[in-house]
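Okay, so we've got a single protein chain in two different forms coming up as structure tokens, structure 1 first and structure 2 after it.
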Structure 1
Amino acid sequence: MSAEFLYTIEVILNGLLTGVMYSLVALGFVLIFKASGIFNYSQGVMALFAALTLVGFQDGQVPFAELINAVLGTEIHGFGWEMPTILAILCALAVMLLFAILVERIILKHLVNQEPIILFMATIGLAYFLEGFGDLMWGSDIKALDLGLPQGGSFWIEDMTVSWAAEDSGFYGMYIDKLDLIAAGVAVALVVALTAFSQYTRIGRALRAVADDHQAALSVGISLRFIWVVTWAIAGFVALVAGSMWGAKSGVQFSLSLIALKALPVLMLGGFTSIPGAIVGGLIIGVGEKLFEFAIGPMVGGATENWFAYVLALIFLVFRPQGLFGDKIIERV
């Protein structure tokens, strides 16, 4: 095989794996929108906050250390010990569960049956508050997140594929990041688990009932407040997974919250109410932007990955506004 063809295959594979990382963030949007009709603008910040909390527990960092030092004149920063990764993940999950409970009690219970734009504006305020709260709680410096997962290129894949091209072609094998492969496996497991939870459990069916009609769900004894806590708790868990994977890949920093912007085109392609659609949309975006940058980028000066996804999403909005797997809206007059 020619080196050019193999490079194209490598770009496609890396695009698929990048798309999976986008999909992990998009899943959180889908879960909350599917169960409550709320477009949660704060999902990206939730991923950032979850990753900051995980690193803070791992490193034994004292929460609000900078505030405590400023008020009391002390110089404390850490407890002097490090927490095992598994225990840190469990503690971070507990924090995200507490976050879900507080969001429901402080914000959502006062906005039942309000217009979608009001709920959307509430999540914008929540996003900015949570970003500032995370900064105050854990500090704004860039943090390294070590989950004990293998990173870097897979030498096994490189050694296996280097012989696929002629020796004088200059092809040195395909570079596939091992962390991206693990993230792909995690995403598949999440989609299977969430789909099964939504379709075959009592709470999952209640989630879908609330999404269809709040009043009807209340009339048959479904607790709207409990369902919202469950939904935001699951979204918090997904945010922790996404934030952990992105944080392990590029460091935990406040620009991590911007990955939510890349999830928007994913949602537009896959549909706001489809869990499998979030994965398919992410794969399309990931492969599309990598191939476009590889084939067309050099002709137009590069940096096409910054805008290609949004242009593709705009095209989908024109011809199929509900996305590939979204529910088609039918209005009867």
Structure 2
Amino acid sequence: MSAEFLYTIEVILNGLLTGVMYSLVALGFVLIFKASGIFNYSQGVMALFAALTLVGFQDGQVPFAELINAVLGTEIHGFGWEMPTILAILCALAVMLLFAILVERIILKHLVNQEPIILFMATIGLAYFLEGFGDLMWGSDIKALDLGLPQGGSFWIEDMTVSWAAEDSGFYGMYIDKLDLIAAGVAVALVVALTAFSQYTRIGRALRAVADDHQAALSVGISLRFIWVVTWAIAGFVALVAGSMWGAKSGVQFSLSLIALKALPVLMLGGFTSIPGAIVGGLIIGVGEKLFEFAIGPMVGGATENWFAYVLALIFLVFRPQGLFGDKIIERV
């Protein structure tokens, strides 16, 4: 096989895996949208917040240290202990659950039956809040997140594939990032579990009902409050997963919240309401943007990935306005 060809395969494979990383973030969006019709802008910030909390627990940081020091004039920074990873994850999960409850109590409860754009706006307000709050709580410096997950190319795959090309073609073997592989596994597991949950359980059906019509859902006795807590808690869990995967790559700091922007085209392409759509969308976007950057990028100066992902999604949408797997947009009079 020619090296060119193998490189293309490599790009495609890596695109697929990167796409799965996007899907992890997109899943959180889909969950909340599917379950309440809310386009949750704060999903990215939630991922950041979850990851910050995880690192905070791991490193034994004192929450609000900066504020406490400023107000009381003290000099505290840490508890001086390090929490085992598992325990830290559990604690972070508990925090996300608490967060879900508070969001419902303080915000959503008052916004029943509002138009989608109003709810969207409220989540933007929430994002603002959480951004400031997360920084206040954990500080805005960069933190390394070590969950003990392997990273870097898999030697085994490289060694296995290096012989596929001619000796002197300069082919190193396929590069596959181990972290990406793990993320892919996690994402697939999540998708399977969540799809089953939303499609085949009583609560899952209620989730979809709420998304369609808040009032009608109330009228048949579905407790919006309960449903919202459930979905936001699950979304918080997904945010934690996404936040820690991405955090392992880039460190945990503010920019982590911007991964939401990479998830949006995925969401759009897969359909806002489809959990499997998030994965398929991620794969298409991942491959599409990587291939474009690989093949066309050098001709136009590169850095095309950000916009190309959106344009790609846009092209799909023109043919399928509800995304690949999204719920049909019912147009009737």
Partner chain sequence: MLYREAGDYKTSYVDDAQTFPIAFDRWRYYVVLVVAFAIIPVFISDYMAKSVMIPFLVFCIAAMGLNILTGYCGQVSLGTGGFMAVGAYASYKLMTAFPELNIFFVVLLSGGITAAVGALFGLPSLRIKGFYLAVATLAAQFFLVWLFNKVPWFFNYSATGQITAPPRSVFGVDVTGPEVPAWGAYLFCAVFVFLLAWLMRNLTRGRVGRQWMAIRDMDIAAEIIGVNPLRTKLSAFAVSSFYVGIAGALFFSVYLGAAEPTEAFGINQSFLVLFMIIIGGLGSIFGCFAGAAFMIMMPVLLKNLMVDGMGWPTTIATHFEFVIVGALIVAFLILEPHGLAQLWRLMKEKLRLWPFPH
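Numbers given to residues start at 1 and step along the sequence of structure 1. Because the structure is predicted, anything quoted here is derived from the model rather than measured. Each form is matched to the other, and the largest set of C-alpha atoms that superpose within 1.5 Å is called the rigid core.
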item: Structure that is the form predicted together with the partner chain (1 or 2); value: 2
item: Core-superposed comparison between structures 1 and 2, residue 12 Cα displacement 2 Å or beyond; value: no
item: Angstrom shift of the Cα atom of residue 316 between structures 1 and 2 (superposition on rigid core); value: 2.6
